[in-house]
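A single chain, nothing else alongside it, follows as structure tokens in the form predicted on its own.
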């Protein structure tokens, strides 16, 4: 975890796992300021490793790369699951990151479980509670992932987007940029001005 969306996802996944029989204790570890040794210590005795993260330039945030490299070889066979959210509407933008994490599992001895790739991640921190529109589908997807985590099962990669049309997502994103521009003294006409010439 690291950003607001990933924190919210982690807490929602913890709640979904907690609803299932035989789930056991769920520990959430925030990666901010965490050293690789701290992650290794947090994973000792765990039945699964679930990573909730934002997509950064089609890949993992740099601090997570360092943390994951420190895990390598310490937990052979431990099931690994990932929830990746990106600010793009299209959830398939997460595909390169999913493949990177699969390769990490191969190299580190972890057992690949499943990835849930979510588009429209920018709305997760601001949206109503998960399970309500427009994130009903996301909670449903988290429930499927939670079942696999508790059962130690693998599943196919899942790619999902919010329950609203793409154009509405774009309108909301642009309104937020306009609001920030106005707040910082940028006039509406300046947003459309061309800088060439």
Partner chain sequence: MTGRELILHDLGEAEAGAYLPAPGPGLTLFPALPRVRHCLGCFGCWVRTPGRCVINDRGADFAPLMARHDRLTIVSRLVFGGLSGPVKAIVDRSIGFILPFFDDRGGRMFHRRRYPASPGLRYFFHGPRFGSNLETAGRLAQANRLNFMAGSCEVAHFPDLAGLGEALAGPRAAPGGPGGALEGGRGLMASGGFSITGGLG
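Think of the rigid core as the biggest set of C-alphas that the two forms share within 1.5 Å after superposition. Small disclaimer: the values here were computed from a predicted structure and weren't measured. Residue numbers count along the first chain shown, from 1.
Another form exists, predicted together with its partner chain; not displayed. Remarks below refer to it.
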| said: For the three residues 47, 159 and 163, which mark the spot I'm curious about, does each lie within 4.5 Å of its partner chain in the predicted bound form through at least one heavy atom? | reply: no
| remark: Checked 153, 65, 28, 35 for heavy atoms within 4.5 Å of its partner chain in the predicted bound form; positive is 65
| One stretch from 145-153, 166-174, 132-140, 38-46 that, in the predicted bound form, holds residues within 4.5 Å of its partner chain by heavy atom | 166-174
| Are any of the heavy atoms in residue 96 no more than 4.5 Å from a heavy atom of its partner chain in the predicted bound form? | yes
| message | Residue-level contact is defined here as any heavy atom of the residue lying within 4.5 Å of its partner chain in the predicted bound form; does residue 60 satisfy this criterion? | response | yes
| task | Answer for residue 74 alone: is it within 4.5 Å of its partner chain in the predicted bound form, judged on heavy atom distances? | result | no
| message | Is residue 11 near its partner chain? Define near as a heavy atom within 4.5 Å, in the predicted bound form. | response | no
| Even though the chain is shown alone, can you say which residues of 64-98 have a heavy atom within 4.5 Å of its partner chain in the predicted bound form? | 65, 66, 68, 69, 87, 88, 89, 90, 92, 93, 96
| field | Core-aligned C-alpha movement of residue 185 between the shown form and the other one, 2 Å or more | value | yes
